[in-house]
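Only one chain comes next, encoded as structure tokens, the form predicted alone.
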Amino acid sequence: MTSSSSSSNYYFVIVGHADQVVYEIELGGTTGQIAPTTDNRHLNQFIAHAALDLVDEAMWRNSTTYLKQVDKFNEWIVSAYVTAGGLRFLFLYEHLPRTGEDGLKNFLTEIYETYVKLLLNPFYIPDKPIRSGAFDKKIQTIARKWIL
């Protein structure tokens, strides 16, 4: 069994205060591009939403924003990052990214910084779905830097 991260697929989702999807992206391969939509998309959404209760429990037990691994479903591992405002960033993966646990933490932290910059935009309404090509490109750049 190989654990090469170059062939791994990753799923990242930002979950809002009412457990709604604010942003989601599937990443994979070595290019940092959005992975082609696969049959796993609904499974990824199911796994992420199933992990929300565990994220909420871990959030109250820890004083840090990065919660590391909070759940596992078959081969998928769920790591979480909780913002000061209560949004949950969930990252699903089969194998740790090439940069390891620290790289994953840096990836999520940098995405949080990007999200905070988006909040400063007067045209963005918090908790509404993010539909921005610039935001997508920034996430892909961050992914290439830290996880792909």
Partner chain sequence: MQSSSARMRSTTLDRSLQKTKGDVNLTTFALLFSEMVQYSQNRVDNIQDLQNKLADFGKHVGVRILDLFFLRNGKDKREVRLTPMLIFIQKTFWKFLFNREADHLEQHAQEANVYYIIERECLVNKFISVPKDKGNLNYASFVAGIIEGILCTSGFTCKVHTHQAPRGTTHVITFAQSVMDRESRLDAK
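Positions refer to the first chain, counted from 1. Bear in mind that the values here come from a model prediction, so they are computed numbers and not experimental data.
The discussion below concerns the form predicted together with its partner chain, not included here.
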Q.
Test of understanding: in the predicted complex, would G100 fall inside 4.5 Å of its partner chain by heavy atoms?
A. no
Q: Classify F135 as contacting or not contacting its partner chain in the predicted complex by the rule of any non-hydrogen atom within 4.5 angstroms, answering yes or no.
A: yes
Q. Would L96 show up as a contact with its partner chain in the predicted complex if we use heavy atoms at 4.5 Å?
A. no
Q: Flag V82 as yes or no: does it have a non-hydrogen atom within 4.5 angstroms of any non-hydrogen atom of its partner chain in the predicted complex?
A: yes
Q. Within 109-132, which residues come within 4.5 Å of its partner chain in the predicted complex, counting heavy atoms only?
A. Y112, E113, T114, V116, K117, L118, L119, L120, N121, P122, Y124, P126
